[in-house]
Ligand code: RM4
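For reference, the chain that follows is the form predicted alone, supplied as structure tokens.
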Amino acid sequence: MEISIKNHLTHSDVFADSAFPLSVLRRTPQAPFPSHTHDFSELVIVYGGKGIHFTDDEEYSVSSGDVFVIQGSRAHGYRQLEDLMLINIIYDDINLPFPKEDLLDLKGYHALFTWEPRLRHEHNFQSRLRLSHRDLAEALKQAELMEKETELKLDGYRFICLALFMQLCGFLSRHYDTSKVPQMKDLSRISGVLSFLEQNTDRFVSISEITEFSAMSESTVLRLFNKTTGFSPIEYHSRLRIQKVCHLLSTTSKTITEIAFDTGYGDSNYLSRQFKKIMGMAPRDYR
């Protein structure tokens, strides 16, 4: 697939099937590409050459074996390329029918797909995934099967392509989780806590419960969590719960009392106080 160079790429530029926002784009080699944004995410697998991947305020050298995720809202591009070869797996994380529940149990999934892109600047790209030659060959094999499915579009190709994508995500997540790189180890360890908190937005979670779940001391959890998110675990969890409240206020007709019970607050007055503390307004005003 070839796409024209624009400052902003939309779904229609990259997804031949509008009902299935998953596509594979191979660059052999990648041409210099100016800064641009897009409405989707990219899983980038570099399998040859080298070059510079840049954003508005930073740049990083990339070479064979590097695997990283680009979240579309941030402008980026490529330059100073020397036979850089890569496969981009382009996907819409929101609209793709992608059952992520089991993947969230993989610490490496949350680290690779969510937190490494957000903390790339702080970690100076040291938290990226880097595959060995053997593991790179396996990742390429899975990506190439996806590429073939999206090109041929035989009966059932959406199902098979999605299954291959999930398999690749699991494969890469496991490798991220077993890395010995310090930045990656920290990110992977705390990602398990992040997943745990995301899966328990219907109740209060104590710091002792978090330390028991993570098998880390309270001081270690607090240090890694603040380093990763800028919040304490309790503060971060409170924001997740309020995000869920916002979603329920926007998408349901439930009363605020019902929503308070659904999110573990139990009392609408208590929910309203916590909501205003974080959102700066009352739940009714938000609705």
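We number the residues from 1 along the sequence you see. Since this is a predicted model, take the numbers as computed values, not measurements.
Although it is not shown, the form predicted together with ligand RM4 is what the next lines describe.
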> Can you pick the stretch from 184 to 192, 75 to 83, 206 to 214, 154 to 162 whose heavy atoms fall within 4.5 Å of ligand RM4 in the predicted bound form?
Replying inline: 75 to 83
> Are all three of V14, F33 and H36 close to ligand RM4 in the predicted bound form, meaning a heavy atom of each within 4.5 Å?
Replying inline: yes
>> in the predicted bound form, is there a heavy atom of ligand RM4 that lies within 4.5 Å of any heavy atom of I278, even though the partner is absent here?
In response: no
> Should N88 be counted as a contact of ligand RM4 in the predicted bound form, where contact means heavy atoms within 4.5 Å?
Replying inline: yes
>> Under a 4.5 Å heavy atom criterion, is E42 part of the interface with ligand RM4 in the predicted bound form?
In response: yes
>> Residue-level contact is defined here as any heavy atom of the residue lying within 4.5 Å of ligand RM4 in the predicted bound form; does K50 satisfy this criterion?
In response: no
> Within 257 to 287, which residues come within 4.5 Å of ligand RM4 in the predicted bound form, counting heavy atoms only?
Replying inline: none
